[in-house]
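What follows is one chain in structure tokens, specifically the form predicted alone.
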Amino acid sequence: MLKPFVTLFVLVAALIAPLSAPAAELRFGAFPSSDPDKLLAVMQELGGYLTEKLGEPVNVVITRDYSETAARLGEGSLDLAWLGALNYVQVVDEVPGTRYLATYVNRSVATGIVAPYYHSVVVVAANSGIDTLADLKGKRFAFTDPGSTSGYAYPSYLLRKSGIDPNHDLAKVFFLKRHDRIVEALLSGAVDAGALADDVYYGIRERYGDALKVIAQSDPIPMVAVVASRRLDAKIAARVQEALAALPPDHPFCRKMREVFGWDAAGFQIHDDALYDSVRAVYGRR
């Protein structure tokens, strides 16, 4: 859950925020799941595309973390946001009027299929002697952020299903905020295991070969959602949704996602909010 003081701030701010966005600029927030500078370069391609389609500037903002993204949606300093699946279900619950627009889709490295899903994987050094989740008892484990879907919610659920309580059965738990930092910690031996999105892992294989291996994989996880705040005019939100659905897979945004992060981006699809019910099920069991 969002921290109580953040939740209170979000709820109060949402009630007093104006209901229409300034015409001069739309602010699009994204959480820093990886290197913020690299993420900004990628997201600016998307911001540029939306600027062209809407005829008004869309300014990309990289927030400090998941909680800040939620808070800024609530108090009105963001009009649009790029939210991980867990963050999405939290924000929909706790920030009144947040509207789903679209889901990012990716071509899976494993299957070659374009789908609104990916997986979380638990990864260890190939020479670690660790082969199962049960082997992690008493080991050092790296998550990204407590608000992360693939970097915390799903892998912690996997651990608990295997009889490992992350709060008591691990020697040390680290929250390293970003997937790239987890990779660095695994390769240096600073941690024994870590949680990654599966395509991050496949990108690592291209660079480091078989240095790391997967010992567990989650059920499918819905991809990132793009949302609009309640203060954004409904007609503008509909135009953003239409533009996202029309973004071609060869757009510079998709190419940058492939080049920078190794995600084979294929654009966006419009789904029902029920797509994220599987996240709610895991989230409710944590």
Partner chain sequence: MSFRFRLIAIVVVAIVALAGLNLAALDQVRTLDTENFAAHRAEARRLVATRLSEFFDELDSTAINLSKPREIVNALAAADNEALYDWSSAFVGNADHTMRVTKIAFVDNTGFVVARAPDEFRFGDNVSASLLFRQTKHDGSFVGIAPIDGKPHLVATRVLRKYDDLPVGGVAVSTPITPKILSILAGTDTVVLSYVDSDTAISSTGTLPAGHAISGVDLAVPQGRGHFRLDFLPDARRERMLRLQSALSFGAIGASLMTLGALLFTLRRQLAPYQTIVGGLLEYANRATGLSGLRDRLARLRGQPGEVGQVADALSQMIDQVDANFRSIARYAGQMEEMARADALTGLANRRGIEEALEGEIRRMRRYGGHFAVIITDIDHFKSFNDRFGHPTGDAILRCFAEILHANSRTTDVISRWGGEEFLLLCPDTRLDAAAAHAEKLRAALQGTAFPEGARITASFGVAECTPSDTLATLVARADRALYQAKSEGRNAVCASASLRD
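Because the structure is predicted, anything quoted here is derived from the model rather than measured. The term rigid core refers to the maximal set of C-alpha atoms that superpose within 1.5 Å between the two forms. Positions refer to the first chain, counted from 1.
Beyond what is shown, the protein has a form predicted in complex with its partner chain; the following relates to that form.
Its partner chain in the model of the complex comes within 4.5 Å of a heavy atom belonging to Val173. For the chain shown alone, Lys177 is a contact residue for its partner chain in the model of the complex, at least one non-hydrogen atom being within 4.5 angstroms. In the model of the complex, Ser188 approaches its partner chain with a heavy atom inside 4.5 Å. Not displayed here, its partner chain is approached by Arg140 to within 4.5 Å at the level of heavy atoms in the model of the complex. This chain is displayed without its partner chain, yet in the model of the complex the stretch 177 to 185 from 177 to 185, 103 to 111, 123 to 131, 83 to 91 comes within 4.5 Å of it by heavy atoms.
The Cα position of Ala190 differs by 2 Å or more between this form and the one not shown after fitting on the rigid core. When the rigid core is held fixed, the Cα atom of Leu78 travels less than 2 angstroms between this form and the one not shown. In this overlay on the rigid core, Tyr208 has a C-alpha that sits 2 Å or more away from its partner position between this form and the one not shown.
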